[in-house]
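Coming up is one lone chain in structure tokens, specifically the form predicted alone.
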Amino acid sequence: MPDYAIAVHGGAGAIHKNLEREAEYRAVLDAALDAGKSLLEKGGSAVDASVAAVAVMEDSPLYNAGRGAVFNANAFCELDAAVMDGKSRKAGGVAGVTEIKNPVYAALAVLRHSRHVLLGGAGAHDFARLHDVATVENAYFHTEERLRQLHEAQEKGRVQLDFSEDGQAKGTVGAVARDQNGDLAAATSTGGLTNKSAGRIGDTPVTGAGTYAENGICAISCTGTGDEIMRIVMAYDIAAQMRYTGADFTAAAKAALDKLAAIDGEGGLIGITAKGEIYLPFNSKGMFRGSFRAGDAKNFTAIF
């Protein structure tokens, strides 16, 4: 059993094999892993490590979270994030935020300082400011590439993902970790879907749907068609299979992904078990992903 372990993802979908700037995408995954494992190797918590990893990806314009998030139908960025602590079973999330630089930090503040689990809109912004979470103008998130994608989606009359060939939406970033105390945690953040309706909220900030952690079982962060992931409560479904039927992670995740496919959903997830085992399954053409376990020579990253 490793002293600690961490995994990250940067979204799943119909990713082109000739992905431009592949090295840059992998470099961000590496940086996210490094941010998390640097805390874990010093005895830091799984919660802090997961949040640190996600924040790195939120700061990169390459991924659909934080800076570089996709636009909604009104050419505005609305962001969602969540964090869950497997030890205390506390969770925190924010939904539909437009001025929080790193939504995952706001989600962490909700987990640690609020009696509630999920805050949205103006209330989430007020809470973030109260707890010294950095805020920005919405223009901070905007990039020319995302604006081009919005115009393309509107011309085609569809909601789509930044790197999807088929018009479906699977973009999100996330991290799961096991710390040296054996505690588990998960964190997830997203900009949602290109050309989504204003006010749309996906699976990411919904506890049990896109984000879940439970000591002794597993921690999970999902990515994919969020509306369908919510309909099957995918993250919790996997944990419940493991708890109540004794299924191992591989079998539970396959069953959940089969359920997702049965309702025309697509995507993937990252998971870590109580023993520090890491799983990175998906049913799409690719998923940006990476992992590191104490004792490994180097980070693992992959896309296809």
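In this text, all values refer to a predicted model and were calculated from it rather than measured experimentally. Start at 1 and count along the sequence shown; that's the residue number.
Although not depicted, the form predicted in complex with another copy of the chain is the subject of the following passage.
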**Asked** Is Y236 close to another copy of the chain in the model of the complex, meaning a heavy atom pair under 4.5 Å apart or at it?
**Response** yes
**Prompt:** Any chance D227 has a heavy atom within 4.5 Å of another copy of the chain in the model of the complex?
**Reply:** yes
**Request:** Answer for R146 alone: is it within 4.5 Å of another copy of the chain in the model of the complex, judged on heavy atom distances?
**Result:** no
**Message:** Can you tell me if K196 lies within 4.5 angstroms of another copy of the chain in the model of the complex, counting non-hydrogen atoms only?
**Reply:** yes
**Message:** I need to confirm a contact call. Of V176, M84, L79, V173, which residue comes within 4.5 Å of another copy of the chain in the model of the complex, counting heavy atoms only?
**Reply:** M84
**Contact assignment for another copy of the chain in the model of the complex, among I201, L111, L150, V133, heavy atom within 4.5 Å** = I201
**Request:** Given that the partner is absent here, state which listed stretch (101-109, 135-143, 227-235, 182-190) has heavy atoms within 4.5 Å of another copy of the chain in the model of the complex.
**Result:** 227-235
**Prompt:** Taking another copy of the chain in the model of the complex, which residues along 26-48 bring a heavy atom to within 4.5 Å of it?
**Reply:** none
